[in-house]
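Considered here are two forms of the same protein chain, supplied as structure tokens in two stand-alone entries, structure 1 and structure 2.
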Structure 1
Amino acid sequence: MLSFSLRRILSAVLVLFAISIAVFLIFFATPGVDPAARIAGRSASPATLAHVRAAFGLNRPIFIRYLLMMDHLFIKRDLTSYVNVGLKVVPQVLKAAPITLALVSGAAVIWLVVGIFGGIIAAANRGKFIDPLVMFIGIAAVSVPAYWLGEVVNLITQSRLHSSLFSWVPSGGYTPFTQNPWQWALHLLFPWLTLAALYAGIYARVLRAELVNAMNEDYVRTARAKGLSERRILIRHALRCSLVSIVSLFGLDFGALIGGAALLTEVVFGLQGVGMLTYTALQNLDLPVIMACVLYGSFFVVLANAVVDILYAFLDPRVRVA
């Protein structure tokens, strides 16, 4: 298991290195495009362009330019936005990251608990009324766009019923956990529920299908022949094998959301996370911020996949020999 984990971690490091090279080449080595003009933004003065060329070594060999850019991003961390003059790129990303991490982590706990519980309930009551009911609720939740659901939640909690039933709900925004844990949770409660609604339905449907298939496997028949109860077979035997698909799905979803895919929820609830930061940078063509956000998102996607591979090997020892 240790050897497998080390191989996966090494693979993740190599993938991140390859991604950093690809991002650098796309942003700073595109034929026919002046990278200094990209970094400096629209309407940059000749003096600013000259400063950018000198700071990033744009007249030097390409591998030197790559090393200088990685040095500005990860070692010195002094890469500056030329659109928002004077703002450092890395501190902007580090300031936005905890907001996105708090949003996605809280929502992930909710959708995992609800999704796994819903999948187990549906599988345990297969053929009964509760099975199609849970599946209907799941597909309805999957079909509702996050931005629409968020707007409806805001309309109810912040407008029509705010003065009576939802007077305890604070206005949009974010309060750091270290500043006030209670207000932190209150600000994120409805964003958590909104983001979790989509994924809980997906996970319930996937787990239900996996459990139904697992209950027809040979090892389940053997457990039945030994006299084990259906509940024990479902929880102790079928659920563990079925969770492999959930772990794989969760790793992809969590990594993508941490990397900025929770943009719509952040916009609706006024959360200045990585998704919002990336969206603003794209609107302003703020290349240094865009590049930093892309590398940040790539890091979490690759990290999540590496963790998923390790958990997959823990749940199914057969993959360790791959």
Structure 2
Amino acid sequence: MLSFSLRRILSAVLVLFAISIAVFLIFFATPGVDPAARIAGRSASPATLAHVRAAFGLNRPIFIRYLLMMDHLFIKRDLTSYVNVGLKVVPQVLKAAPITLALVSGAAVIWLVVGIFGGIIAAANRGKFIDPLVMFIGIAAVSVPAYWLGEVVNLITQSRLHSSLFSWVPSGGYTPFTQNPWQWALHLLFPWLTLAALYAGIYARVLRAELVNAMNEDYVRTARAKGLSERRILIRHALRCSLVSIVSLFGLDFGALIGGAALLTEVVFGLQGVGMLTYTALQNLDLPVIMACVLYGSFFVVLANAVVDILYAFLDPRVRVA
């Protein structure tokens, strides 16, 4: 078990290392992207440019620059942006992280409740009208582009019905919880609902499928033979087993979202989270910020994968050899 965990963690570190190299190569191979020119300003003379290049170490061989960047990012922790000169990258990421965390956790609560509830309702009412209805809503939810849904929400709450029904909806942005918890929740309500819609749809569909499979398993038949009620079997036995796959799915999704996958929701609602930070950095080709964000994001994806794998191995010893 221990050796499996160690191997898993080692491979996770290797993956992160490879990603950092990939990002570095992708962005330094880009033509027309000379960070020195942008730092130096708009009509800098070639001599000025050369000095900026030297001052930022941009004239060194590429692998030295990679090492320098990693040194500044992880050891000295004073890596600065190429676009907002002097602005340290690490605090920027740490500042954006709570916003993303607030968005994703709130949405996660909603989608877990709605998704699990929807899945159970559908599975418990198989063959009735309500099952296909729930599944149809689920399909619709997974087919809606999240950013478009966000825009529709904005259109309704900020423009069409803003003077009547939705006059209480604030105009985008973020208020820290510590500053005003009520405003915090108000600002995040629609982003939560928008982000949760897709995942609620996925989870309801997955859970229903798992429950339906589980209801055909041996242990359920045994329970049935004992004369337990269908509802009791569903909740007590089938649900308990099916939740394992929901939990592992949740681990992966939550990790990815914390790492920046909530980008589109953040962009649409003007939330300055990790996804938005990365997106802005990508548009500016601000390599230090891109590097920090991508590594931050990948860290959570890799971590979530590793945790899920190790948990699985813990539960099911056969996996360890694979």
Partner chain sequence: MGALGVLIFIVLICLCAPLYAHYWAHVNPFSSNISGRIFINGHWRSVIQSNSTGYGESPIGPTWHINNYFLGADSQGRDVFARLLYGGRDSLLIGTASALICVFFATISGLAAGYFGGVIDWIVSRMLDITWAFPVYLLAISLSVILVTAGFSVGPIHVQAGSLLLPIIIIALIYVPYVARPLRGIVMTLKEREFIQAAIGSGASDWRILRKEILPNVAPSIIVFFPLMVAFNMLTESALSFLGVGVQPPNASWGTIINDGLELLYTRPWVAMAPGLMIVITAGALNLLGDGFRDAFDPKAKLRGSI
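Structure 1 provides the reference sequence; residues are numbered from 1 along it. Note that the rigid core is defined as the largest set of C-alphas that superpose within 1.5 Å between two forms. From a predicted model like this one, the values you see are computed outputs, not experimental measurements.
Student: I want to make sure I have the labels right. Is the form predicted together with the partner chain structure 1, or is it structure 2?
Tutor: It is structure 2; that copy is the form predicted together with the partner chain.
Student: After fitting the rigid core, is the C-alpha of Ala55 off by 2 Å or more between structures 1 and 2?
Tutor: Comparing forms between structures 1 and 2, the Ala55 CA shifts at least 2 Å.
Student: How about Phe136 - superposed on the rigid core, does its CA move between structures 1 and 2 by 2 Å or more?
Tutor: No; that C-alpha moves by less than 2 Å between structures 1 and 2.
Student: Given a core-based superposition, decide whether the C-alpha of Leu73 shifts by 2 Å or more between structures 1 and 2.
Tutor: It does shift by 2 Å or more.
Student: How many Å does the Cα of Ala304 travel between structures 1 and 2 when the structures are matched on their rigid core?
Tutor: Here Ala304 registers a C-alpha shift of 2.6 Å.
Student: Supposing the core is put in the same place in both forms, how far has the CA of Leu10 shifted between structures 1 and 2, in Å?
Tutor: Looking at the C-alpha of Leu10 between structures 1 and 2, the offset is 8.1 Å.
Student: Rigid core superposed, Val23 Cα shift between structures 1 and 2 in Å?
Tutor: Shift of Val23 at C-alpha, rigid core superposed: 6.4 Å.
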